[in-house]
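This document starts with one chain, in the form predicted on its own, laid out as structure tokens.
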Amino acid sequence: MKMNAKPFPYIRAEERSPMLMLDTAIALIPPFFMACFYYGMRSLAVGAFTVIAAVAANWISDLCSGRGLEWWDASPVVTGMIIALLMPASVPYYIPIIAALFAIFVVKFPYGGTGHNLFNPAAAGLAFVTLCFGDQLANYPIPLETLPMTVDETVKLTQGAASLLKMGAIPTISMEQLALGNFAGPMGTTNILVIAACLIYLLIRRNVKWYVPLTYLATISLFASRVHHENLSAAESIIVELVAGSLMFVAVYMLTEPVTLPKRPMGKVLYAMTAAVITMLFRYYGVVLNSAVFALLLTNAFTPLFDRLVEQGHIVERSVTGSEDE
């Protein structure tokens, strides 16, 4: 049977609902509360400036495109919140603002706006500022030491667990600290229990396909159990790799974005597995921070390939059974 080509990406009606982005924004609020608890009101200020920049850029893009303002569109709010939560709480304000502007003006707007972007806008904005301002994003404030609104040289900064792993060192984090998220890292990514609770909310709201983050984290766990530091057992390696950096956050909030996901379930599984393998390769052999973010962007580029492979296999299966392709 001849297959007609269709434009990419594939967007279904339920995925275009404003409620999807609204639910995601709601699920991003608890990590901000935890960031405020650990670092003070500065974390909320970083989030506010980033969201305002993303929303303003989105409105400007809408006006320039001639579509008019789409007041209901919560996607720039989600983009700004994700970018802020993946930053150190001590980050200079201009860096997440630049990331938000890059995400909207360079990655989202040229492809037609909401629902048409080929790459995850937040991931692209984060990758851009990581390459430009990597030194200022490599260190993190100490949790439970409230930050002033203006950070200066008197604020103590330390390396995160992911950076220590990359250098071959073993992070000294107790199980209690792991459970509470009380260790240095991006301000919204360390509290695994809160992120897990938000995932449950998104699953209940049917905004996330459960097997996407599960496949991603299972593949990472398998990789970590087979290839790990000599001073760590397989189980210890899995735990450290899952909590270090932004893996859990990316798995819940970014990997599951419907616009950049393949459209068929098996395509989504292949997508998640590929993102996980690339993430771990970047972690072990890469030279930049935010390995999960860069891996996600690279995997975004393969989404049409996953769709094509799965659809061709689907057609072959239907041809063998003698029934028509759906």
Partner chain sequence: MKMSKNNWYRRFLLATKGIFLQNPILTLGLALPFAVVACTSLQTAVGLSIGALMALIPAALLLPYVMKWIPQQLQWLDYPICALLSAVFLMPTRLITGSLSPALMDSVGVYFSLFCVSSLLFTVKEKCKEKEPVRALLTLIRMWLGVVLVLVLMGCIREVLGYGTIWNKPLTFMKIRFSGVMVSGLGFILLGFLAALGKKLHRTILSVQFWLRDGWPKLKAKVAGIFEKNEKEPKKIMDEKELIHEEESAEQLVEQITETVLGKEQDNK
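Every value quoted in this text rests on a predicted model; they were computed, and no experiment measured them. Numbering follows the first chain given and starts at 1.
The form predicted in complex with its partner chain is left out here; the points below concern that form.
With its partner chain left out of view, choose which of Tyr93, Phe128, Tyr201, Phe223 has a non-hydrogen atom within 4.5 angstroms of it in the model of the complex. Of Tyr93, Phe128, Tyr201, Phe223, the residue with a heavy atom within 4.5 Å of its partner chain in the model of the complex is Phe128.
Just one of Met149, Cys132, Ala218, Leu193 has a heavy atom within 4.5 Å of its partner chain in the model of the complex. Which one? Answer to the contact question: Cys132.
So in the model of the complex, is its partner chain close enough to Phe102 to count as touching (4.5 Å, heavy atoms)? Judged by the heavy-atom cut-off of 4.5 Å, Phe102 is in contact with its partner chain in the model of the complex.
May I ask you to check whether Ile239 falls inside a 4.5 Å heavy atom distance of its partner chain in the model of the complex? Ile239 lies outside the contact set for its partner chain.
Quick one: does Val106 come within 4.5 Å of its partner chain in the model of the complex, counting heavy atoms only? Yes, Val106 sits close enough to its partner chain in the model of the complex that at least one of its heavy atoms falls within 4.5 Å.
Evaluate Ile98 for contact with its partner chain in the model of the complex, applying a 4.5 angstroms cut-off between non-hydrogen atoms, and reply yes or no. The answer is yes: Ile98 has a heavy atom within 4.5 Å of its partner chain.
Tell me the stretch among 207 to 215, 81 to 89, 183 to 191, 132 to 140 that has any heavy atom within 4.5 angstroms of its partner chain in the model of the complex. Heavy atoms within 4.5 Å of its partner chain in the model of the complex occur in 132 to 140.
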